Ligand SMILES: NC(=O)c1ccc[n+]([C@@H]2O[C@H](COP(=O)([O-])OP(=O)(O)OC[C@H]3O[C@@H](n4cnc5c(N)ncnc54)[C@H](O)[C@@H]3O)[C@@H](O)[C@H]2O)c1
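Let's start with one chain on its own, the form predicted alone, as structure tokens.
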């Protein structure tokens, strides 16, 4: 697909969900690449997980901003606050919007559905409305591999039907894609959705399996391995995710009219995944080896006695596997970081952060 090229330098960019995991790393990349311009970070600093980790990431951003030609502004607030968004759009006249703010987590959505509707549905609607009333060059937003639900066909392709979500979280992400498509069609807003596959790495989300498992093992507790270990996950290292987002930001779906004279929706969706599903038990073994290497756990640690095989959790799926061919075709990029390399970097960071 042909793309409308976008120069990021000297632009006004909104990144929501920063200083969240992906958002913070994206802002750090932008600060390292841009010689001038403005980056606004927006996040509500929720206590879904320890806010100290977000404060740590924000500190990294502030230090990077001191050595960047671009300006960085952090605003504490929620995308569910429509008046705040309108004020920010009016003040900064954003050229590019990257919406990464969302309530994450499949299992958490079962017990706390309200926050998913507020952030993932109402909040994203507010983003779309702001983009409609303040035309932007490109809206990039986070979707999720969860939209594929219990899809039996693998690898997961963007051409697959995704009409059967198995969690509220997945349903909200699919809803975001539908909302974006309708706004792209009605108001000619170039938008690109990115279906992320199990993102991991240093300073990641503590609720993710690799991070939570590390926390449990360091406390001498057992880790629960769902579906009795019969799971495969397409893990994607954070640097690969950021490289993909960065490239996508620079290439928007083109504005074109159809034979009826009306806009053809400038709308795209892509998978960003490692493209190599890892057996969960193999992943855990690699994680344990890297925790020992980083001296987080002793070499003689009895891992076998700290593994608990349990049934599948509601909302989970046994396999995720990304077909990233369209991303590679359109942007010349495919994730490449291997599991051992990624987990080694995580273990080294964990050792330093918690020492």
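Source: prediction; values computed, not measured. Numbering follows the first chain given and starts at 1.
The same protein also has a form predicted together with the ligand, omitted here; what follows describes it.
Not displayed here, the ligand is kept clear of residue 268 by more than 4.5 Å at the level of heavy atoms in the model of the complex. Although the partner is absent here, residue 49 is a contact residue: one of its heavy atoms lies within 4.5 angstroms of the ligand in the model of the complex. Under a 4.5 angstroms non-hydrogen atom cutoff, the ligand in the model of the complex has residue 21 among its neighbouring residues.
Taking the partner from elsewhere, residue 77 is found to have a heavy atom lying within 4.5 Å of the ligand in the model of the complex. When you look in the model of the complex, the only residue of 170, 248, 189, 100 with a non-hydrogen atom within 4.5 Å of the ligand is 100. Interface residue among 214, 109, 144, 184 relative to the ligand in the model of the complex, by the heavy atom within 4.5 Å criterion: 144. Of the candidate stretches 39 to 47, 65 to 73, 300 to 308, 324 to 332, only 39 to 47 contains residues with a heavy atom within 4.5 Å of the ligand in the model of the complex.
Against the ligand in the model of the complex, the set 209, 287 and 342 makes no contact: no member has a heavy atom within 4.5 Å. Along 184 to 207, these residues reach a heavy atom to within 4.5 Å of the ligand in the model of the complex: 196, 198, 199, 205.
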